[in-house]
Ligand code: BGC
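What follows is one chain in structure tokens, specifically the form predicted on its own.
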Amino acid sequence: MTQKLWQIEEFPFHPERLNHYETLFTIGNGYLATRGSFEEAYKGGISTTMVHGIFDHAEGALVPELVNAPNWLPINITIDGTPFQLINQNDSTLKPKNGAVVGYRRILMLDKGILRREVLFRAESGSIVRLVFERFASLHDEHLMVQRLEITAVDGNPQIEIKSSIDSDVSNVGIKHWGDIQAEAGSSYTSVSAKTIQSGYGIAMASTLRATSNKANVEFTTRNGQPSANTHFQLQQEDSIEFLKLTSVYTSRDGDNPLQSAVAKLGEAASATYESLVTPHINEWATYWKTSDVQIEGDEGSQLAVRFTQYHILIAAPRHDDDVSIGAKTLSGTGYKGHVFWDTELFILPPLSLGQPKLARNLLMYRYHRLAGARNKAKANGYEGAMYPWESTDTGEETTPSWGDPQPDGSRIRIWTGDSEQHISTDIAYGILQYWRYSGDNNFLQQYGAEIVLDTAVFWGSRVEWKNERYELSQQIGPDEYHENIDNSVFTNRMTVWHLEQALALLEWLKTNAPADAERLTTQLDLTPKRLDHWRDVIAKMYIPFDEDKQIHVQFPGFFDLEYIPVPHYEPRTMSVQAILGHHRSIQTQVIKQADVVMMTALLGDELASKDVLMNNWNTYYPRTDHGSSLSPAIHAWVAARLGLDDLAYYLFEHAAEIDLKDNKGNVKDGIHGAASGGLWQALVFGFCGLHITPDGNVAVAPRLPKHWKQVSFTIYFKGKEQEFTITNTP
């Protein structure tokens, strides 16, 4: 494989895609992530560093959000009095004194987790310098961030000034979250500490700058309350100088004195060389790629896309913390305010469950630690058991806003997902059981996972309604969020049956393999014979909407009475069909936001129905699906591959692969689509490769590779052991 299949490149500078590239070029290490904004800043840039678990509910805001931390990147450089800055050549207001960029390249090295930028810059004086920036958030030491700057005098003998700092004047798109800000300069470092205004989380950063030779001295000073590291020197033509900027970060989630910890960590690394810092970081990345890389021969675009999406999952996955999870936009932007959805368990979790089970376990433990919030929600709504919130933050309570942002006419749209999108409790159970079946982690299941699966089953047992001599579920929202507060969503009803079936089987497994845990949970969750009989009755008598004549699952009763819109006719388009039709009309049509019945097919497969019914479902719902959600194309690709729709499967796979790389939703500036990233891996491994667990408990493949692919290779953990697969496409 060539190195370019591990690299995302921007060449030349594209100011019109500034925020898009900031998201793509995010670096991280599972503790924090920092967008690819520039050291010297740029008008319109969104400089953001997100640290797992640091939420705050600003006064006047509807819900809490993940907080933008102080910016550790700033390095401002002046060449012969000309400030170094990137230039938008189309900006007519610029004058020669602004200097000129005469060369530019930026590369994200996915295999190494390093972002590199090379710039040729000509000052007003005529001096030309070559600037090379590198940065990484250490995977070896999650509290340490490293920047390297190399300056070469290409033409002239320039006088150079550098000012390095930590910027604490940050916000979440204008909303301030930090108070009690303290900044100071020591003899060899600068530091910033602060606390979130409402939640009281503390954060501290300490930073130092040093030249790797004796060509420049660095002074640490405070001016107008702003500490910085400063240096001034001259370079002779063709001479070079290198600087290291090291920054450490701790929060009050790590200990009682974040500032003391940050300063101590900086002291440990202060004399380290770049090579001594980057080498263990790269080595750590290599261990992760061993079981997270999927190698595709015969399709360079797909190869790069899969590595890109896996990279973004890995930099967001908490490595040493089981009390946080991955939000819908990972840690790469402020979209969805950092909240955790079903995206985590059904989309992001599977590649980790099979490739990085320790990281998957951390994500599932986040849900265990928030059982109290789920039980609170169930009780508040008049139900038993555990009812997980649609959107979750640090507390585990429901944090879905009730209203959307104001529309151009000032109106707001009511958001019902926090009230009615209840399938998330089953989605979490699905993620737990999938993790267990592949990992063989009995300890997790016995001590933690089983309690979630069983208590969410208790919720469903109390949630179902006895009507018309059958069990029903009213006021639901399935994956297709265009149709709200419907009765008898076939996805929710059928997955509830699956959930209760799994809960009963799990309890029997516990009785055989862990009787003490079975007894403990039976008592704790009040799993009486009467309750278990009720579950069996629900399984037998749940209403599953199905058209016997057409042999299809009906998305919900009355769906086909709505206005039919020929979605395929709305091409080419740059927005969803819902956006074209408007919210109020689209909800009265058969336009589907994303995989719903098709999603059920992906999760249950042949267990759902015969191949003929599955194909009928596809032929019915695929032409009605808008793919208004980034979650949809990958799931459709997965199912299309299993149904033998090879060309269509690859078309949908390409669609999913381009969501972030080509910004085909137009909103990548808000952050990476984490679910689309995990979905792409599933379309490849579960769809094209057909990976599955056999009835006898082994793991096998049933491949249907795209015709032009030569070979696919990947490694997974199955019950604690690595298993390698290589699938060669037969001509």
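Numbers follow the displayed sequence, beginning with 1. Because the structure is predicted, anything quoted here is derived from the model rather than measured.
Another form exists, predicted in complex with the ligand; not displayed. Remarks below refer to it.
Taking non-hydrogen atoms only, Phe308 never approaches the ligand to within 4.5 angstroms in the model of the complex. A residue is said to contact a partner when one of its heavy atoms sits within 4.5 Å of a partner heavy atom; Leu631 meets this definition for the ligand in the model of the complex. In the model of the complex, no heavy atom of Phe444 sits within 4.5 Å of the ligand. Within 4.5 Å of some heavy atom of the ligand in the model of the complex lies at least one heavy atom of Gln594. Though the ligand is absent from this view, in the model of the complex it lies within 4.5 Å of a heavy atom of just one residue from Phe653, Phe341, Trp285, Tyr250, which is Phe341. Checked against the ligand in the model of the complex, the candidates Trp289, Tyr336, Tyr543, Tyr104 yield a single residue with a heavy atom inside 4.5 Å, and that residue is Tyr336. Annotated contact segment (heavy atom within 4.5 Å of the ligand in the model of the complex): 342-350, selected among 429-437, 204-212, 309-317, 342-350. Not one of Glu22, Leu73 and Phe136 places a heavy atom within 4.5 Å of the ligand in the model of the complex. Annotation for 315-335: the only interface residue with the ligand in the model of the complex is Ala328 [heavy atom within 4.5 Å].
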